[in-house]
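This document opens with one chain alone, in structure tokens, the form predicted on its own.
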Amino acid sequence: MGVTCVSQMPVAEGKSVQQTVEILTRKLEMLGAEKQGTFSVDCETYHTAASTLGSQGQAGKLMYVMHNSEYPLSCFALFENGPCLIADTNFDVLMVKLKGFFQSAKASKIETRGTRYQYCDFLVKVGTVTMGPSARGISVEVEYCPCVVASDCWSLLLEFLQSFLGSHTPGAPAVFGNRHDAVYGPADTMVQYMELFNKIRKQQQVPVAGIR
């Protein structure tokens, strides 16, 4: 794999999520990008079981268990502000056995699904982010395949992102700063998806907070 940038695309004014996705994919096809199948990334949140916290009023930790169709034999477990564990798909079975320590948060599953596009050395994935039956947002992932060091290719990635995202082009992902000259890996992409999903979750919670 190469170096990847994951970002959120705002829904166009007066358009639905699906209509905005169609606008984006049309732009890509006009650039000459070719469809290369589909993709999906999902995330389920687990929190520390109450029985493990003791009586000190400790705050529970969150763990995000994620899957990416690009890595069908792997499962990613990311801790809040912590490391990323890469395991095989049997990790899902292990989580069932660990329910005394980690419990699945109710209605926490969030995922993005969409189409993969290849354009020269770039792999682009535009997805619809859903929670339950509802579309909640749009994810855009762009990978520059020939490079594995973020600092060597961010300017190229940025230029390509600007070609079809325009004013909604994101800044450099936080993981780039943490790994300036290090080799980029799949865990770095999953951290970006975790941050994107958490951002979308918070956006959905804002209007609810005002209801009495």
Partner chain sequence: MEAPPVTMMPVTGGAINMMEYLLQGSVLDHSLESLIHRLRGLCDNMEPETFLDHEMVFLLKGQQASPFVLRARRSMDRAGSPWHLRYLGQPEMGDKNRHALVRNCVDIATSENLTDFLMEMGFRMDHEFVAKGHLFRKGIMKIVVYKIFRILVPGNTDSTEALSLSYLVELSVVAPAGQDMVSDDMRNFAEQLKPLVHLEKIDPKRLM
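Numbering follows the first chain given and starts at 1. This one's a predicted model, so the numbers in the text were calculated from it and none came from an experiment.
Quick note: we don't show the form predicted together with its partner chain, though the next part is all about it.
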Q: Identify whether its partner chain in the predicted complex is within 4.5 Å of every residue in the set 28, 136 and 161, based on non-hydrogen atoms.
A: no
Q. Quick one: is residue 69 in contact with its partner chain in the predicted complex, heavy atoms, 4.5 Å cut-off?
A. yes
Q: Spell out, yes or no, whether the shortest heavy atom distance between residue 165 and its partner chain in the predicted complex is within 4.5 Å.
A: no
Q) Counting only non-hydrogen atoms and a 4.5 angstroms cut-off, does residue 63 reach its partner chain in the predicted complex? A) yes
Q | residue 151 within 4.5 Å of its partner chain in the predicted complex, heavy atoms | A | no
Q.
For a quick check, can you give me the residues of 72-104 that have a heavy atom within 4.5 Å of its partner chain in the predicted complex?
A. 72, 77, 78, 79, 83, 84, 85, 86, 87, 88, 89, 90, 91, 92, 93, 94, 97, 98, 100, 101, 102
